[in-house]
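The chain below stands alone and is given as structure tokens, in the form predicted alone.
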Amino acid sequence: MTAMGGARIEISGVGKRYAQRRNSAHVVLQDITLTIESGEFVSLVGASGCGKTTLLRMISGLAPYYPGTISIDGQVVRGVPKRVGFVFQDAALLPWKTVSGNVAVGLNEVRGSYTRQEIAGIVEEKLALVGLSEHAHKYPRQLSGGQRQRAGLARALVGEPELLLMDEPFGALDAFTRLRLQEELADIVERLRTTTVFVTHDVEEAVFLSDRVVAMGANPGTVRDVVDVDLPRPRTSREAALNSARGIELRENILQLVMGTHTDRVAH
């Protein structure tokens, strides 16, 4: 499996507000400035309402922003960029298609560039990557929640995106499945090195998966700090990474930042 490579994201002075009555506005995000390098895995962490998902949607071109600029590989985002993969909390698989058919949907924009045999091979490769090869001919109703999320991830990756956007993809799963999928995702991103922006409210999840964690404050949403996660890779064991002395220090520091109780900057 060769690495896909990834896009570089530059966010400069970006804000988001919603108009309210009597000429007032609700400010959701304010002065967000952040650079995400090619191949990085960056998590956005913060309390509900801090604008994590809104920021992700703005990066994806699904939501407008003002003021400021967001650019991907030097191109200002005005609409959904090319070669972007999405994974949401709800896998949103098409119930009338098999797992293979759902994954192949991710190739719709470039379907004319491949033969039917080539598409089948690409889909098979991505199903093997997420551990679903033996479930290729099943329908979504026959899958567990974790399997549906794996299928959603395969669909997002099948077009070899340069940017992967994930909005709490494991949030609706049971604890055991969630932990197992975190380790599987850590292995996948280690191999592919696709630039990934991951939204979560789970500090431990963010520390285990990320190269850097963006700790966000609320009312309005701001970047309180960006923390380097200097745990060694590959991270094959979630328990070993998080229970190491550095893992404990990182998760405690980030939790304090998110809660607004941190008085000193985290050591980077």
Ligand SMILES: Nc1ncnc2c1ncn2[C@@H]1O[C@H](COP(=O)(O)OP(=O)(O)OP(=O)(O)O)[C@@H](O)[C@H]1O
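For clarity, every value in this text was computed on a predicted model and none was experimentally measured. Start at 1 with the first residue shown and count on from there.
Another form exists, predicted together with the named molecule; not displayed. Remarks below refer to it.
Participant: Would Glu168 show up as a contact with the named molecule in the predicted bound form if we use heavy atoms at 4.5 Å?
Facilitator: Yes, Glu168 sits close enough to the named molecule in the predicted bound form that at least one of its heavy atoms falls within 4.5 Å.
Participant: Could you tell me if Cys50 has a non-hydrogen atom within 4.5 Å of the named molecule in the predicted bound form?
Facilitator: The answer is yes: Cys50 has a heavy atom within 4.5 Å of the named molecule.
Participant: Using a 4.5 Å heavy atom cut-off, state whether Ser60 contacts the named molecule in the predicted bound form.
Facilitator: Output for Ser60 is no: heavy atoms all beyond 4.5 Å of the named molecule.
Participant: How about Ser100 - does it come within 4.5 Å of the named molecule in the predicted bound form, if we only consider non-hydrogen atoms?
Facilitator: Result no; Ser100 lies far from the named molecule in the predicted bound form.
Participant: Any idea which of 207-215, 236-244, 26-34, 223-231 reaches within 4.5 Å of the named molecule in the predicted bound form, heavy atoms considered?
Facilitator: Residues of 26-34 come within 4.5 Å of the partner.
Participant: Who in 194-213 is close to the named molecule in the predicted bound form, meaning a heavy atom within 4.5 Å?
Facilitator: Residue within 4.5 Å: His201, and no other.
Participant: Your call: Gln89 and Asp174 CA atoms, closer or farther in the predicted bound form versus the shown structure, by 3 Å or more?
Facilitator: It is farther: the C-alpha separation of Gln89 and Asp174 rises by at least 3 Å in the predicted bound form.
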